[in-house]
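Shown below, as structure tokens, is a lone chain in the form predicted alone; questions about how it binds or moves come after it.
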């Protein structure tokens, strides 16, 4: 493909959904990625499909994305490990339970079904949760998945429609083109930068930085946790930049394992584990689910999430570089928001109305500087 209609840089979940969406509309699509498809931020993700409500714009995009995921789920292969387990947001105090009631009202306006549980109902729903919590908010429409397998499926479908995927890293971009590390220039009608935290290395002044996170997975055991469990305090940790932080998040996997998170820290692309932070993360998880302390950890790893100063993704045209579109900055919501992001990019490139209001995600919107966030 010498001159595709669209060159998509990045073969993670966002890039794969975008490539498929464009190919389904009859556009000639070339996807370029220097690594294994789904092996970057996507490969290090927990795979939660969850509605978040930090802002009306985020809630609307999440609600649209979850509608798209539920529509896609029946056609996903077993390797996708799609599990409609729902999310249970844990309230550790009466103040947090009040926040659960507030969230329920906000979700209802967006058409998202929820249920507030008191302490007794929480214990019945999740017996392994430590006693003494105030309750929780159940979101039954949320789900869990295995992102790398889904990326492979999406790219296979795009290829069947004529898309091409090549394993080459991109060194630089220009209007309507990108240079590979071997010096080759690729030309296209439009370039979509969906390279996760590396996007800022390709697009000058793009307000996105890497944020490192740790995850742990346990040995297999009979399933005794039924929902994805997240503490309501996770929201503060996840959506404010600053120092290192941890918050409780545990997923039951269809393999019988438990996936435990999460941590966040700004260390650039520094590799390796922060063992002190990892210990804090596991201690927090064990305080809320004491049974975790008796389970054997078989692997721990880190990944890098693309963060922005205002905790909203960057989706849309980049005015400073003609014929360039941006699809990054989702941080921990990239898996959830990928199909909705693709819908916004496809609509924008084709000049169609967006499925949800998109101004809040404009990559050139006013926002704090990364240093001040």
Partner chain sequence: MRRRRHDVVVVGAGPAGLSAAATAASMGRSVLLLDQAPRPGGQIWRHRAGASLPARARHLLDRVRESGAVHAVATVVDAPAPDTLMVDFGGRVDLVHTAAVVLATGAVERLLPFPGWTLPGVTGVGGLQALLKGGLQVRGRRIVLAGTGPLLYPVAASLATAGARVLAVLEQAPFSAVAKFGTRALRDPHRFVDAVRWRATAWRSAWHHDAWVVRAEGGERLEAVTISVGGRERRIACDWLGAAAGLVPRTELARLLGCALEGEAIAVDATQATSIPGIWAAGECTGVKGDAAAVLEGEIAGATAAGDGGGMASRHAVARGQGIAFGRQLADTFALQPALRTRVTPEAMLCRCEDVRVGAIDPAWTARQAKLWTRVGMGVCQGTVCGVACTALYGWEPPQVRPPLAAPPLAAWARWLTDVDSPTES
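Residue numbers count along the first chain shown, from 1. All values derive from a computational prediction rather than experimental measurement.
As for the form predicted in complex with the partner chain, it is not shown, yet the points below apply to it.
- Comment: the partner chain is not present in this chain, but in the predicted bound form one of 245, 302, 198, 114 has a heavy atom within 4.5 Å of it, namely 302.
- Between the options 108, 298, 73, 267, the residue in contact with the partner chain in the predicted bound form by a heavy atom within 4.5 angstroms is 298.
- Of the candidate stretches 50-58, 309-317, 34-42, 332-340, only 34-42 has residues whose heavy atoms lie within 4.5 Å of the partner chain in the predicted bound form.
- Candidate site formed by 125, 131 and 224: none of these residues places a non-hydrogen atom within 4.5 angstroms of the partner chain in the predicted bound form.
- In the predicted bound form, no heavy atom of residue 173 sits within 4.5 Å of the partner chain.
- In the predicted bound form, the partner chain stays beyond 4.5 Å of every heavy atom belonging to residue 211.
- When the partner chain is considered in the predicted bound form, residue 233 lies well away from it, no heavy atom lying within 4.5 Å.
- The partner chain is not drawn, but in the predicted bound form it has no heavy atom within 4.5 Å of residue 100.
- For the stretch 279-298, the set of residues having any non-hydrogen atom within 4.5 angstroms of the partner chain in the predicted bound form comprises 279, 282, 286, 292, 293, 294, 295, 296, 297, 298, in sequence order.
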